[in-house]
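Both blocks below hold the same protein chain, though in two forms, and each is given as structure tokens: structure 1 and structure 2.
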Structure 1
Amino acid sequence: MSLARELRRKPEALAGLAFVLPMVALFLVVRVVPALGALYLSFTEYSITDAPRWVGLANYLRLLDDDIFRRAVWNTVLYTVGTVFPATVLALVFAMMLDQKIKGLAVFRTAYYIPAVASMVTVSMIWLYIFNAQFGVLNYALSLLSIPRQGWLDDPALALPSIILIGIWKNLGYNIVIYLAGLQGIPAHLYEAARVDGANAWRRFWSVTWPLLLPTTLLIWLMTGIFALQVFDQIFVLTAGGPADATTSVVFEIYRNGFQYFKMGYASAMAFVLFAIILTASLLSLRLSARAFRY
């Protein structure tokens, strides 16, 4: 049955279409058209002041020989792996603790969620003082333990782990809330049945809690991973990609090439490489998780 005949037969379908069309049009204008424009620019040489000049795949081929871009991709992967897995494990542990009936539960839940709603720029400014090599709280704590002061953001070996630490802290509250929702959706009778069968707490976790939390874990991996692959704010505020490109990321290189060097075509090519990485990682994660859900 054609769409026109369906609309004539069901007036409510026409009303629904009238509600949907403005949002579809807005999505096309705000999302799809700019994305197609960026895709076109990725095949051009464009510096804002001059008209775009078609160069084909030259920008993409140039990325293969760009040492800074390869370093940015490697740093982004390290940041993603270093953020996603610790933030997931810690969130599960804290969520299980906060799922108990304890006094001041609302206060604890609010405290853990505050980093998730705080501005990343504001958070980064706070961490800038914490990591300060001369006056930072972290180095003061180390001095009390007779441990030498560290240049957290100035040392190439420590700068990226410091950025990763902020990412874990930032994502922890958001992941805890999602895990709490997952935990509260597990039927209580499954735990009661496991207790009747003599299962201890560890066995109940592996046989009941963890299998039923796999979809929640997949959601957290995907969301945290996608956000991590686009890391920018804390790098821009804290290190500007340094020292010696030790903390530069793909998005930061897109910003630097696009808005500092005005290489819009080259920056657009970087953006679509990042898009391909995110799409591949998401599809791979969904495929692997689909096998794990067969319980």
Structure 2
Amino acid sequence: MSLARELRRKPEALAGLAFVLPMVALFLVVRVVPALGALYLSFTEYSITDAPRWVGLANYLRLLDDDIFRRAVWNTVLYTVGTVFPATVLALVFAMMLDQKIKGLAVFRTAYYIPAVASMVTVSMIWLYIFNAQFGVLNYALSLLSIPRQGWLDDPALALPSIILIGIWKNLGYNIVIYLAGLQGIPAHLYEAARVDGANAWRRFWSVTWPLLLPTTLLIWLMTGIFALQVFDQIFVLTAGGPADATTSVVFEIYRNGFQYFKMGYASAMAFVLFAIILTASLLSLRLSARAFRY
């Protein structure tokens, strides 16, 4: 009896393994092996023409003294914080407005989501034109208010904020969609109960909406935060890290060191620093959400 069952189950076990095998093999080859390779490379000096030379921790120690890399880490953190938080607040406001009986909800949602599906390169090209110091439409709008032209991407003080602005604009739609799903999951009777207890709109927000949306908020922070820490495409297209390294990012430095200067060992060490930053941020936000789910 049990043997018969075992035999009947054998094709199932075989099929299961066979079905997942291609994917597991692929991930081993394109994710695990390269990650281990990068770890090894980060302890070497490697310029692709000669064999890797073991240098121990030298790359990591050099990173500590690398002013440009420090600048890149700082810019990346600024970009992440500067996009994630405003995009969350704005998205929550718009999602709450959309969560009422709105005519044309689908049209609004589409309009808000369009920047999120367009590629970062396309979007950057468009903003390059809008931000243009001489003839850009943004400076034209300012001129109507008698404000002088700004070098949005040429001025070291303005370049990073300009890129952050694009980041907020691009993230908004995604955040709104996630928040809308979250808002629709809040049972209506909770609001009614709060109303019966005499809570005004402000109180209802802080005692019902906000705490119940906390897991949603943390999910948004996690997803858009990880994404923001990897900022690259728009920097490559808009400023190439300039002016005077004002907009360089960690991934931009990895690219520059790895594929322009061919310091692949050094670039791999940078990649592991990024890995550590992302891992820390993710664990932190997962920790927070574990706490938030206790509501």
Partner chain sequence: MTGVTGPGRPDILVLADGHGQHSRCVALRPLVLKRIGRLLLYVVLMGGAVVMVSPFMWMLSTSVTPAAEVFAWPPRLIPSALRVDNYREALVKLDFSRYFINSLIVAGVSTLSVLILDSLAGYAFARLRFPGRGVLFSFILGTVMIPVQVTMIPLFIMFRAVPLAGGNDLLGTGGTGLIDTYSALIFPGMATTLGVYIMREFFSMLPPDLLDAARIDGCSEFQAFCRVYLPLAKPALATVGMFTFTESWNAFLWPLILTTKPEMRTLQLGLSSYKDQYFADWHLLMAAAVITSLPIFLIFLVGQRQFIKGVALSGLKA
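Counting starts at 1 and follows the sequence of structure 1. Each form is matched to the other, and the largest set of C-alpha atoms that superpose within 1.5 Å is called the rigid core. Quantities reported herein were computed from a predicted structural model and do not represent experimental measurements.
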| query | finding |
| --- | --- |
| Chain form predicted together with the partner chain: structure number out of two | 2 |
| Residue shift check between structures 1 and 2, rigid core fit, Leu284 Cα at least 2 Å | yes |
| Core-aligned CA displacement of Val273 at least 2 Å between structures 1 and 2 | no |
| Rigid core fit between structures 1 and 2: Cα deviation of Gly16 in angstrom | 4.3 |
